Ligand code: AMP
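In the block that follows, a single chain appears as structure tokens, in the form predicted alone.
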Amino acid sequence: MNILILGSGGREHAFALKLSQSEKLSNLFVAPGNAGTANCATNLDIDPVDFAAVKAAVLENKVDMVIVGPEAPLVAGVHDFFLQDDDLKSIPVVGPKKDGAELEGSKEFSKKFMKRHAVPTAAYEAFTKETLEQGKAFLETLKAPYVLKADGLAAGKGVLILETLEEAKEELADMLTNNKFGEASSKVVIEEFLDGIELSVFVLTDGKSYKVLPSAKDYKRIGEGDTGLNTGGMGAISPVPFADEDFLSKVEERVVIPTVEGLQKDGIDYRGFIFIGLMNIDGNPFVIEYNVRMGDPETEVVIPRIESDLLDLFEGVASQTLDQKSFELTSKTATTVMTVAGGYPEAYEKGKVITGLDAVEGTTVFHAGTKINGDKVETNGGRVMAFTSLGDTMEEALEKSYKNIAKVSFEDMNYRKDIGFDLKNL
């Protein structure tokens, strides 16, 4: 089979490396890809939301299936575009159509979905510029801290957790009247704060049946001890030590099954990944958010733990025979540590030469923001590379990742040295 992956990050590199091991694979393309995907696939210089260019590449390269990595093409309707085009409609797309992508495209939509299908989540209300004063009044009914979420896509940065009522009111006004997060914050969801331990569970579904993928926990803050600004993710661990069999069975019964069945009841033919952001509160799962794709950097610890043929699983999604596919996991723990550009998540420079990659041993380096420039690999984003290792324990895997990070360098490279710090005594 000829496969096209849309996207350019660590998630897409993890997909590409895993798919390249499938006996069913003939040719693998990634659009636009990065310096890492170039080692296991053919990169195509195409914007994933330029659907006309995607179509041309699919037809030219006789692509048999498209895997969508990031959320933007899904929310923009790439799956619908394929179904509505006579030349493309027979080519399966792994990723939901526009109606299903609203689970991530609109926070209010997803909250209404959870309420409708009795999925446990925090109390909430949604407000616009016209209802700003009602929003401030709703904040007064809540206890600190206060959670404000831009309704639309904000590249993982549209969530604020604020300690004082005055600050929350100011930020609400800033989001709604000053477009703090652009069009994404023209509507804001205010939520009750859930106090617990966060984790993510991933589901692959063909619209009828599903497979629950490994749990993972990522680390969003730039600084040690979960301090500083939010990022796209500084590292991740899988499995999560506190997500034991009892807890995960609650997740499946109370969250996964109502979500998959809810999509069916709502007439949404959903084929692809569902990322379920959870809070563990006294052993009970509450949903913080849905995403309609795999997380990043969680993909870099979840996919390496899957021992089954990923392309075979994707075929099951396309043909709605996922329940007939085998699904095996390694018992080992996977850890990943993200190296980032100096200054990230604020202003940072690109084009820094990366050295030492050929010295890495026993760790997989998933490229996120990299590019090839002549015979050099250079930085091309804020989050640059994820160092993923497997071990019998979390500590063993982390030791491998950090040992190999020490062999690689680029100017102003930064990374967290405490990934997994909060899990060591659980």
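In this text, residue numbers run from 1 along the sequence as written. Given the structure is predicted, the values throughout are model-derived calculations rather than measurements.
The form predicted together with ligand AMP is left out here; the points below concern that form.
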{"item": "Ligand AMP contact at residue 192 in the predicted complex, heavy atom, 4.5 Å", "value": "yes"}
{"item": "Contact test in the predicted complex: residue 229 vs ligand AMP, heavy atoms, 4.5 Å", "value": "no"}
{"item": "Interface membership of residue 149, ligand AMP in the predicted complex, 4.5 Å heavy atom rule", "value": "yes"}
{"item": "Residue 220: touches ligand AMP in the predicted complex, heavy atom cutoff 4.5 angstroms", "value": "yes"}
{"item": "Check all three, 159, 198 and 288, heavy atom within 4.5 Å of ligand AMP in the predicted complex", "value": "yes"}
{"item": "One residue of 122, 173, 306, 76 in contact with ligand AMP, assessed in the predicted complex (non-hydrogen atom, 4.5 angstroms)", "value": "122"}
{"item": "Residue (of 91, 165, 153, 279) lying close to ligand AMP in the predicted complex, criterion heavy atoms within 4.5 Å", "value": "279"}
{"item": "Which of 312-320, 205-213, 339-347, 184-192 lines the interface with ligand AMP in the predicted complex (heavy atom within 4.5 Å)", "value": "184-192"}
